[in-house]
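Listed next as structure tokens is one chain, alone, in the form predicted on its own.
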């Protein structure tokens, strides 16, 4: 399958939003929605191998959105110009909600290699064993697959440390229907969605915004982490940290999530915040 796109595959896969991919000799092995694909870019084309439809690929990589228009809308903020240039080509993936919940619960006080290792271990221990034209692989375990997994199992087999309690409790909350994933997907109100997400164990405001953005595909999500605090403090001195969430929503509106990902990528790449001109 060949699709022409300006998306930068490497940046998109490794900008901190997605963790179930591996570098191959010629491209990337990518796992999503119990599918496995092998993808690479060549002369402006996304080349994909796997048992997936073009519709699934376009949806997952968000290929039908006009990112140039998004960038144009955000360029009115001078401190975003350099980050936008550096992050050009990043797309916000349309990931599975349950997988994103587990992913960002595991992300607390962790790092990308550790998160990736834990997720692959989780799949290998509790996910369904699947097979495609390239051989066997493991899908992502659903809540039912984790019903009988104990905290000790998460800690010993997945190496998640203190997050073992969060995985156990969140799984039970979902299975008990105290938070309904299908209802969450239908929620248009980001504040209502955040409120429900924070009922889950291990999900505070920052993680809830990550899930809102990456799992519910609601671009009103704006996770405020150490990088965001540093950048907003430098560019808006005198504003209280408690105001940063509202500030971002007011500034960036429907593009808040993309602005956050752009700033996050810039800050992590440059190891610094932006400067206000």
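The model shown is predicted, which means the values in this text are computed figures rather than measured ones. Positions refer to the first chain, counted from 1.
Same protein, other form: the form predicted together with the DNA, not shown, and the subject of what follows.
**Asked** Which residue among 73, 112, 86, 179 has a heavy atom within 4.5 angstroms of the DNA in the model of the complex?
**Response** Of the listed residues, the single hit is 112.
**Item:** Single option in 206, 91, 116, 94 placed near the DNA in the model of the complex, where near means a heavy atom within 4.5 Å
**Value:** Result of the distance check: 206.
**Contact of residue 227 with the DNA in the model of the complex (heavy atom, 4.5 Å)** = Within the cut-off, so yes.
**Asked** Does at least one non-hydrogen atom of residue 146 fall within 4.5 angstroms of the DNA in the model of the complex?
**Response** Residue 146: no, not in contact with the DNA in the model of the complex.
**Request:** Would you please decide whether residue 51 lies within 4.5 angstroms of the DNA in the model of the complex, comparing each non-hydrogen atom pair?
**Result:** Residue 51: no contact with the DNA in the model of the complex.
**Item:** Close approach of residue 137 to the DNA in the model of the complex, 4.5 Å, heavy atom
**Value:** Residue 137: no, not in contact with the DNA in the model of the complex.
**Message:** Please identify, from 188-196, 119-127, 137-145, 100-108, the stretch that has a heavy atom within 4.5 Å of the DNA in the model of the complex.
**Reply:** Residues of 100-108 come within 4.5 Å of the partner.
**Asked** Do heavy atoms from each of 7, 77 and 254 fall within 4.5 Å of the DNA in the model of the complex?
**Response** No residue of the spot touches the DNA in the model of the complex.
**Partner contacts in the model of the complex for 44-63 (non-hydrogen atom within 4.5 angstroms of the DNA)** = Result: empty, none.
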